[in-house]
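Coming up is one lone chain in structure tokens, specifically the form predicted on its own.
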């Protein structure tokens, strides 16, 4: 018996409408990555995480539980679960299953990004606990009504703080703000750039050269929708990194299967397995640019190859 997509999507939409995030987290958890970095509050240019990296351990824990329910008669009770979630945030309890080590891992990646931008002399601030989730997942799933309301909510927050430029940290948040928001928010005129674009345009120079060969997995949204293909290659190439390109790369990249996992776990795992095999043919040191790709491909690899986030490599070679 497949998972009840209507009820699952309903829970995500209800959470966004009522609690401003598909999987609400405390401000202490969404901002802990910035502790000790002394980032200024607000400003015309801000680093906007969209909570994607912070949410991945929670999403992964939830997806693991949902995978166990696939083809189970318990799924018939999901409607009751949605009803209960309206009164009690049931997804909060699922979030308690998230690994602390995973949380620290993804927090480190955000720190890498902030430190790289500082090394490149980019001036930016951060909204800390006021920062809102981007709405990326409900947009991806086509829940337009809830997304439109939330996009306006985020836009109003940015305008309130006088933000004119946003630096994003992942492809889903980049695509949501740069491509989706202008379609749903009248007069949205905030400049949106990925941190990879900002770094590639800067004068940042590596502090060491790597002889490593990396296999780069392109994000579907970065490569096909947002034109972020050459920038990561430029940053890695300046540090002497040799790139082993898989057969499907750049705008012809292959999906990691990740966005499907909460609804169709088996199909998501099949797609991720296929992609890992393609990447392994090119090399056993794989680099991703998206936290969703990272978690999905790591699980599919089962330790047979290394799968890391590009921020870790950039942090190493650019001396942060």
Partner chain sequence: MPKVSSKLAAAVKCSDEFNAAACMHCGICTAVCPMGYEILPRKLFRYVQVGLEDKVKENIPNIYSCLLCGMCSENCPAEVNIPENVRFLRKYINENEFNLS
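Residue numbers count along the first chain shown, from 1. What you are looking at is a predicted structure, and each value in this text was computed from that prediction instead of being measured.
Just so you know, the form predicted together with the partner chain exists too; it's not on screen, but the next bit is about it.
Participant: In the predicted complex, do 141, 251 and 263 all reach within 4.5 Å of the partner chain through at least one heavy atom apiece?
Facilitator: Checking in the predicted complex: 141, 251 and 263 are all within 4.5 Å of the partner chain.
Participant: Where does the partner chain sit in the predicted complex: which of 49-57, 253-261, 26-34, 284-292, heavy atoms within 4.5 Å?
Facilitator: Answer to the contact question: 253-261.
Participant: Exactly one of 165, 238, 224, 161 has a non-hydrogen atom within 4.5 Å of the partner chain in the predicted complex; which residue is it?
Facilitator: Filtering the options by heavy-atom distance leaves 224.
Participant: I'd like to know if residue 270 sits close to the partner chain in the predicted complex, meaning any non-hydrogen atom pair within 4.5 angstroms.
Facilitator: Answer yes; at least one heavy atom of residue 270 falls within 4.5 Å of the partner chain in the predicted complex.
Participant: With the cut-off set at 4.5 Å between non-hydrogen atoms, does residue 307 touch the partner chain in the predicted complex?
Facilitator: Flag for residue 307 set to no.
Participant: Report yes if any heavy atom of residue 297 sits within 4.5 Å of a heavy atom of the partner chain in the predicted complex; otherwise report no.
Facilitator: Answer no; every heavy atom of residue 297 is more than 4.5 Å from the partner chain in the predicted complex.
Participant: Examine residue 9 and determine whether its closest non-hydrogen atom to the partner chain in the predicted complex is within 4.5 angstroms.
Facilitator: Yes, residue 9 is a contact residue.
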